[in-house]
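A single chain comes next, written as structure tokens; it is the form predicted on its own.
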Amino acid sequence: MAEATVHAAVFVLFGGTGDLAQRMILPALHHLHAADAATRVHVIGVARAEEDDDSYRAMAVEALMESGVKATAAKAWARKFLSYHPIGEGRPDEYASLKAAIEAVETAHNLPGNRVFYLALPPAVFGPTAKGLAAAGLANGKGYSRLVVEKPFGRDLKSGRALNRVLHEGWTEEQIYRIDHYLGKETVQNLMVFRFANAMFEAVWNRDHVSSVQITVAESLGIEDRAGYYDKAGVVRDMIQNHLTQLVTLVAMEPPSSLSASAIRQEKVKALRSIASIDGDEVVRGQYTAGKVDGKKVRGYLDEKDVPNRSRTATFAALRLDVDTWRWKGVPFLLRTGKRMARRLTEIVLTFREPPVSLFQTYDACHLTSDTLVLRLQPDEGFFLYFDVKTPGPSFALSREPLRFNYKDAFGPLPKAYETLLLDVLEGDQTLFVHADEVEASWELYTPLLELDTPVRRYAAGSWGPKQSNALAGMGALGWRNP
């Protein structure tokens, strides 16, 4: 695809004055421009606020400077590539006015008619906005038209299906990019390379060699100012149904027939549909109480601003998934995520089976442990392979030591997830985006879990979650890895 059709476009940012736009999207677009990856992308911020071009540019410059961009560079980019258009209540005439504004920008900047519509909006208006754009004729034009939708993609199976149905009324699946920023992380993308480009790992990536798979996404932060959203969503909707499940599919999937988006998505959906119904006895929910994180006292969830006094919303969940495939039958996939945990951490841990015969048990000082592969997705991105070696000296003792690889040491700072994903949108690569079938398959799995009335256990902020989750994981080789 020629550069003129890939990197020349109008990027219409709905929710253009919002927090996501200021913290993530505008800095990512500026960085892509600075790296010569998106040098002819004109951004039109769209929101209800009665801004004008100058006031919107001033807001954007401030946001860019907070992200580390120098003032002169931020002002130059905003002046040349940024404008604003109010949308009001989203009436048909207002979408017609937006279409005219887009066409005026395309004429003024000699752009070929490529358009990206990014919905950084509350989920309730995804459908109406998509329909309004389509009704105004903005789903089709001289170039491509692409619709980017932020998570959550529904609240359960019924709403997920309803959202897909509404989006498909005016847009084809090939035009829709459901964005999950976790899939834009370099370390997540490297999972496929790690498996399929290295025969030594793919050869042992199965039930014959692996005894358990753990996936932990721990956050040290609380809910911050998101009580209005979070108390209605909870941890399953906020983290498990999307982020953790995407990691599960990348670990559990079979090798795709090619690296095309459709082939990879097909294998991910097959992996999702092979997961057995979740046993309610193998789910632990929790809610954080007051404690200490990084040496600082923090309040409990019920004391957070705007949280109802008797809320039973879970801020932690641990559960076991069983992937009923030839590759993974009988291997527990243990998922754990929570807020106000001991540290910020995302990692995948594969614990390998012990040798069938222990040659060293006659040596009292020798305690053989299971080899472990740790894929660290954040922070300190890299991987660690732990195995036993003999401790130097006259006595026969074993020590568990790691082989280490660190991305930063090898390659320097990694690109931001939004930069990767936005460039993929401009290039038309859907590999890292969620297909409609994935949305519905994941909600089929988790909607029954949302309906379970399981106890909500308490755990102190700064811990690794409720003690009941330890019993879920088991002891020894199956126990949780708490760095």
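As the structure is a prediction and not an experimental result, all values here were calculated from the model. Just count from 1 along the sequence shown to find any residue number.
Keep in mind that the form predicted together with 6-O-phosphono-beta-D-glucopyranose (BG6) is missing from the display, and what follows is about it.
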### Query
Just to confirm, residue 117 within 4.5 Å of 6-O-phosphono-beta-D-glucopyranose (BG6) in the predicted bound form by heavy atoms?
no
#### Entry: Close approach of residue 243 to 6-O-phosphono-beta-D-glucopyranose (BG6) in the predicted bound form, 4.5 Å, heavy atom
yes
### Task
Evaluate residue 153 for contact with 6-O-phosphono-beta-D-glucopyranose (BG6) in the predicted bound form, applying a 4.5 angstroms cut-off between non-hydrogen atoms, and reply yes or no.
no
### Message
How about residue 229 - does it come within 4.5 Å of 6-O-phosphono-beta-D-glucopyranose (BG6) in the predicted bound form, if we only consider non-hydrogen atoms?
### Response
yes
#### Entry: Listed residue that, although 6-O-phosphono-beta-D-glucopyranose (BG6) is not shown, lies within 4.5 Å of it in the predicted bound form (heavy atoms), from 219, 371, 322, 267
219
### Message
Quick check on this chain: which one of 181, 353, 327, 75 has a heavy atom within 4.5 Å of 6-O-phosphono-beta-D-glucopyranose (BG6) in the predicted bound form?
### Response
181
### Query
Can you pick the stretch from 337-345, 314-322, 258-266, 98-106 whose heavy atoms fall within 4.5 Å of 6-O-phosphono-beta-D-glucopyranose (BG6) in the predicted bound form?
337-345
### Query
Listed by sequence position, which residues of 236-273 have a non-hydrogen atom within 4.5 angstroms of 6-O-phosphono-beta-D-glucopyranose (BG6) in the predicted bound form?
238, 239, 243
